[in-house]
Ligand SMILES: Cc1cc2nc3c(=O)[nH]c(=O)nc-3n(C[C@H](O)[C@H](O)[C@H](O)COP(=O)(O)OP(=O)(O)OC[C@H]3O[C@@H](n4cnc5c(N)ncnc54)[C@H](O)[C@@H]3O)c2cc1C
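Next up is one chain by itself, shown in structure tokens, the form predicted on its own.
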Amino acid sequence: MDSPILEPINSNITSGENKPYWTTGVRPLSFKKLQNNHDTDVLVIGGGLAGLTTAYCLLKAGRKVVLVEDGYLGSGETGRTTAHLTCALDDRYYTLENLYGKEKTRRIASSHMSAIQWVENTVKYENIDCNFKRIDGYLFLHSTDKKESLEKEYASAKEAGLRIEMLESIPGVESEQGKWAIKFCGQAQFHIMKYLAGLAEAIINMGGEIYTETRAEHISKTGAKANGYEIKAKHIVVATNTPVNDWVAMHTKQWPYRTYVIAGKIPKGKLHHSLWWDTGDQDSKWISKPYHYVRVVPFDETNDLLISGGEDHKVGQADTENIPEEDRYDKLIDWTRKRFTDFGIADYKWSGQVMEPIDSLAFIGRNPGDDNIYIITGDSGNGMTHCTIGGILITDLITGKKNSWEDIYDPSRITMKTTGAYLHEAGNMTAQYIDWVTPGDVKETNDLKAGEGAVINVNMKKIAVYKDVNGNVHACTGVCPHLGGILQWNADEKSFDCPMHGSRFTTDGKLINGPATGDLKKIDIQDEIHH
């Protein structure tokens, strides 16, 4: 699919050039900017689902809360989800049982079921119009997988206490007839941006304060600075998808992946609203075993919208499979049409970023080494439930209430059985430093067409350059300010992405995703060339 020449990302709205379906036809969730010093009980950093859920829970518990977001609410990865609310996790229950044992695996399953119920209760209590719907989900085999995988998953998921059934066919998936599936009963879906709007309204009504276009910096145990003002707080919650401080310990325990989504119209009522997932490509070079995930949403009087995702790869490393980011949609369209034959053209396309923890579970709790700084990260493809669990658990930690999930999601945990996977991913990260001595993407800026970017070598320096629609060249350092990774040009989302820890920047160097904490340094390209 050819991408049109577009202007730089408006990261206040969303963290990529492609606009997700959720942001169309809804009012941007913007609030006033922070313009004075504050003193509060809890500072929540991040205006996605994790941050808003945490703020809501804390206000219900009687705490004074200030929430800050550097864009608009939902402008990060929350707004680029496919909004599956499910206890059918990305990593199989038999894997969790092997890592954590049966008792902890039952608590893991219970936490995700509780998160779905919490969302349903909140939607009803706050009267949030967000198309929330209880539906069933179906897990079926990827073409590279074997039936034994489903049988093992059925046994472990049943042991974990989930309501499941083994089926001899896959409802709604025509080309997969004759194959088996596990039915996960009582899953759910919703419209994520409408849900965020409802949470935000409830937060304001309870006396909470929300500030957008307000970037938190210099985070410490006493608070943070934002827009040049001091926010003093007894507790600080960092809910930014990946921690924004230079906390190296967390970046050795999780890895960033890019995932792709298409959405297209199908005849209304033709396909029963459900969730579908395959078991993932067992031959993939990636530890995460990329899988496909599908759902249906109401669209208009004559059509529903089928939303299909997958084709994942590590951030900034699409080229290692010789499938550029922008070509991933074509593969996804082909896969979807073969299984859902009413799917025609992709009316929407976008990509998102997923943090994959080394041991399958999110990191929710006190940041290692801190008593009053808390983090929510490592969504592992189940961001809707992990974010909800995060809000509930962090609130209990702050208010001193016992929570049976605390040890499961503790960011300080060490899972010894993941050593092999850790060494594989750590080796991949270290290998990215070879880009320091490799040639640039192009030799000079004259090689770029309008709307293209690249990382070039000039006088032994790596420079990220972008040529805009008027032919003007924008140049910044091509080195990520976090830990020195060489940035990669993402032609699909028009961004410069770090292949080490997933930091992303716009074409003019503005920070989109952490863990980097600041923008790229601007460079006068002509001055560099003439030196």
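Note that residue numbering follows the sequence shown and begins at 1. What you see is a predicted model, and the numbers here were worked out from it, not measured in a lab.
Absent from the display: the form predicted together with this ligand. The rest refers to it.
Using a 4.5 Å heavy atom cut-off, are Ile236, Gly365 and Leu393 all in contact with this ligand in the predicted bound form?
Answer is no for this spot.
Even though this ligand is not shown here, does Cys387 get within 4.5 Å of it in the predicted bound form, heavy atoms only?
Yes, Cys387 sits close enough to this ligand in the predicted bound form that at least one of its heavy atoms falls within 4.5 Å.
Contact between Asp492 and this ligand in the predicted bound form at 4.5 Å, heavy atoms?
Contact with this ligand, no.
Contact test in the predicted bound form: Gly223 vs this ligand, heavy atoms, 4.5 Å
Answer no; every heavy atom of Gly223 is more than 4.5 Å from this ligand in the predicted bound form.
Exercise: Tyr138 in contact with this ligand in the predicted bound form, heavy atom 4.5 Å
Output for Tyr138 is no: heavy atoms all beyond 4.5 Å of this ligand.
Since the chain is shown here on its own, which stretch among 103 to 111, 329 to 337, 378 to 386, 164 to 172 would lie within 4.5 Å of this ligand in the predicted bound form, judged by heavy atoms?
Residues of 378 to 386 come within 4.5 Å of the partner.
Of Gly264, Pro411, Gly71, Gly208, which residue is found within 4.5 angstroms of this ligand in the predicted bound form when only non-hydrogen atoms are counted?
The option sitting close enough to the partner is Gly71.
Please identify the residue among Thr279, Ser288, Ser360, Ser75 with any heavy atom within 4.5 Å of this ligand in the predicted bound form.
Only one listed residue qualifies here, and that residue is Ser75.
So which bits of 25 to 52 sit within 4.5 Å of this ligand in the predicted bound form, heavy atoms only?
Residues within 4.5 Å: Ile45, Gly46, Gly47, Gly48, Leu49, Ala50, Gly51.
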